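Here we start with a single chain on its own, the form predicted alone, put down as structure tokens.
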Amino acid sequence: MVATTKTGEGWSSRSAFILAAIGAAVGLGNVWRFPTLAGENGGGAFVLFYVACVVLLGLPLVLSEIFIGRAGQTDAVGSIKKVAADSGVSSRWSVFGAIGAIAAFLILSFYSVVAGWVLYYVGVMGADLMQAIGSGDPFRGALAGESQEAIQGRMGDLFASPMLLLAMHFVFMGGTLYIVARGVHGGIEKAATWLMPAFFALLVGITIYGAIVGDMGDALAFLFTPDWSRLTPQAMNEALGQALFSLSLGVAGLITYGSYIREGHKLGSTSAAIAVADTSVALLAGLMIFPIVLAVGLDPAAGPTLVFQTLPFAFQSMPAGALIGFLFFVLILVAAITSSISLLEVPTAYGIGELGLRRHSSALLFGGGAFLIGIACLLGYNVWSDVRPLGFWPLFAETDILDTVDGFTGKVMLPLGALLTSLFIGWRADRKLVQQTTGLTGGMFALWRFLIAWLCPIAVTIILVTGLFPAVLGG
């Protein structure tokens, strides 16, 4: 029997919630952004510091967000109001729920555009695989006969075509909206229980492939041998920010998903499982990508182009590169859709809980709105390439529309939401309510309380200040 909450919906089991929550956390941040940052910051030292940030900062915040949702049993804003009322403090603390909902809405708008790029490459690699099969050589390298310049030029060609970008954006957002509109049990849970096992199977399979045909020794050395001279203040700040971004903290996604939990869940162990799974995916993504990149002598510090321009060329010289290249982009697409579902669910739940909308209407309202903002983002690569929405703000003076929305949400809204979450739970939430709901006692509760009340606010403030004023780090 499906458990229901005040919204009338809920997860059918603990495993369903864990899969959905892992799906919310695991996305482009793990498979694309983490390897990019690890490559740009020299590997080992950055990776070890990132793992420490997840344990000391990410995990306490994951548990805090899930606690709020479980205790409130409604949308993010309503759940925070409920916890505030039960703790005898002002309901104005619910502002960070609103910040999270707005951030999720804005992130979805450009996230769908970026996921559209992935969808495009699924099509490119799929067509190439079919051609390889048709030629009687299904195990040849990817994009046979194309030069490195031609392969890397596909990205520029895509950006120059607003109609193609729009089509990919439309298809991806449509799929996301369809799943969310079907509800928690009938849509989100079913998607997670089918997609996440497929994701992990692809991730492990391609990682094993990379270990066999790639240079796993150099990849392991790159990722786990620390060169502490590379751990600059800028690298530490990016690791801190990646820990928040990777776990989808600050966007109220885990609050919303936590509100669908039935009684009896052990929130501490559940939160740990989510954090461990998310971090494992990031590390496996590195072990999947870098052996392939290093084996063909490409630069692991290629930056954002690593996935879309460097790897397609690397697959060209790999055995079965056509097949693996196709499966690789399918893997990323699965990660993208599970995260986009959670991003849309946050404002959708707000529309249901606070505005009294039906689920279909709320999903259509916020999904449609994000789609329209996404159109502006994709036009920023061509027709509106000279538009600078926050040109008056020195930090965003040179950024296009998509990068502006990305930068504002990532540098301002996410850390602000995480900061207010840590202050609310660490200093204002009722101690007995927290203990009763989380199930933490004794030393574990004291340690978590210390981390959420002291370490998290300090670390997140650093992210917020240095993000807004990069000169603090010498940037």
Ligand code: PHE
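What you see is a predicted model, and the numbers here were worked out from it, not measured in a lab. Note that residue numbering follows the sequence shown and begins at 1.
Keep in mind the form predicted together with the ligand is missing from the figure; the text below concerns it.
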query	finding
One stretch from 435 to 443, 404 to 412, 420 to 428, 29 to 37 that, in the predicted bound form, holds residues within 4.5 Å of the ligand by heavy atom	29 to 37
Answer option from 83, 251, 184, 113, heavy atom within 4.5 Å of the ligand in the predicted bound form	251
Contact assignment for the ligand in the predicted bound form, among 94, 316, 339, 310, heavy atom within 4.5 Å	339
Residue 246, heavy atom within 4.5 angstroms of the ligand in the predicted bound form	yes
Residue 20 within 4.5 Å of the ligand in the predicted bound form, heavy atoms	no
Non-hydrogen atom contact residue 343 with the ligand in the predicted bound form at 4.5 angstroms	yes
4.5 Å heavy atom contact, residue 24 and the ligand in the predicted bound form	yes
